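The chain below stands alone, shown as structure tokens; this is the form predicted on its own.
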């Protein structure tokens, strides 16, 4: 069989196998992005058949809207709390569970279980726990003679949102546990022979080996927190369509604001502009993470060396 025929068959087979992915990318990613960008240049309300082009007016309004900046500030504050705590807690628990611990398999299972609980169920469970009248938290406070606190209103509801977000820290624990299995035992033994303490071995051997995983966790956790929506919405004291407008101000994060613009105020063009600016901001933030991590992340094989090989 001629080489050209084999090459054509290989090319055909390649495109057949990647076609589902290509179709999914085009239909579920590229087309929605392009469609949303087109809407962002209009004043469409989502209902009327007609609309008018407004160009970049929506983008200008988003960048000068104090409410948008307020929701971005809350989202940034949430990320500043959740991301470091999640990464540090998952790493610490992974190191503990990687050692000789009684009932280790059971502890690993218990810590990971919350990560597989659906977000809706987790949010509703924590909402019940912090309920003013029947919640477990106020029940414990009453045992010490303390007054009940209305956790789901005011600034206190932000603490409940933090608790919900930290509930699934077990997912990061599993990732770190898997990474710890690949840490060089020989390097630990060599450091121990040189007189390094356990803490020094952790800083000099374990942490550099885990740095690519930690970078991955920082980026994915940051993106996930910035897109927080379901927990903040379900912690609203109202239910049904009124829930979006009843979300306490402390929990009005960016995606809640976007949802309200879409479905409460029917400002589809404005909300689409918000999402596109947010998309660009996340891209820039991700790029900044990779840029900053250049001197702090250590790979077993330098990516530049791997690219240089034929």
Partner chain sequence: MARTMEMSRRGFLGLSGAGAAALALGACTARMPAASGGSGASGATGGITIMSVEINEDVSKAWAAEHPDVPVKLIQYDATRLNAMLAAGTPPDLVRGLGAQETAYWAARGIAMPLDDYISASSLLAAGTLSSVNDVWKFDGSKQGSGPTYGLTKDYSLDMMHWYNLELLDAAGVRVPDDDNPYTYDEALDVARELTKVKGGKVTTYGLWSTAPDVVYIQGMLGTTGATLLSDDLKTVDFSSPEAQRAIKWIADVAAAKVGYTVLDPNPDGWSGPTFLAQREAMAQGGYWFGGQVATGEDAGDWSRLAPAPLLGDTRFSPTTSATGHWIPAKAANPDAAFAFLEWYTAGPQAEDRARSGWGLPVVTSLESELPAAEEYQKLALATQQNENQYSGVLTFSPYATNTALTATLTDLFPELVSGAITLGGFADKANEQCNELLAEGVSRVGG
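Take the two forms, find the largest set of C-alpha atoms that superpose within 1.5 Å, and that set is the rigid core. Residue numbers count along the first chain shown, from 1. As the structure is a prediction and not an experimental result, all values here were calculated from the model.
This next part talks about the form predicted together with the partner chain, which is not shown.
Within 4.5 Å of any heavy atom of the partner chain in the predicted bound form lies no heavy atom of residue 276. By the criterion of a heavy atom within 4.5 Å, residue 65 is excluded from the residues contacting the partner chain in the predicted bound form. With a 4.5 Å cutoff on heavy atoms, residue 246 counts as touching the partner chain in the predicted bound form. Although the partner is absent from this view, residue 153 contacts the partner chain in the predicted bound form, with a non-hydrogen atom inside 4.5 angstroms. Of the candidate stretches 185 to 193, 75 to 83, 129 to 137, 158 to 166, only 129 to 137 contains residues with a heavy atom within 4.5 Å of the partner chain in the predicted bound form. Counting a residue when any of its non-hydrogen atoms is within 4.5 Å of the partner chain in the predicted bound form, there are no hits in 185 to 214. The rigid-core alignment places the CA of residue 9 2 Å or more apart between the shown form and the other one.
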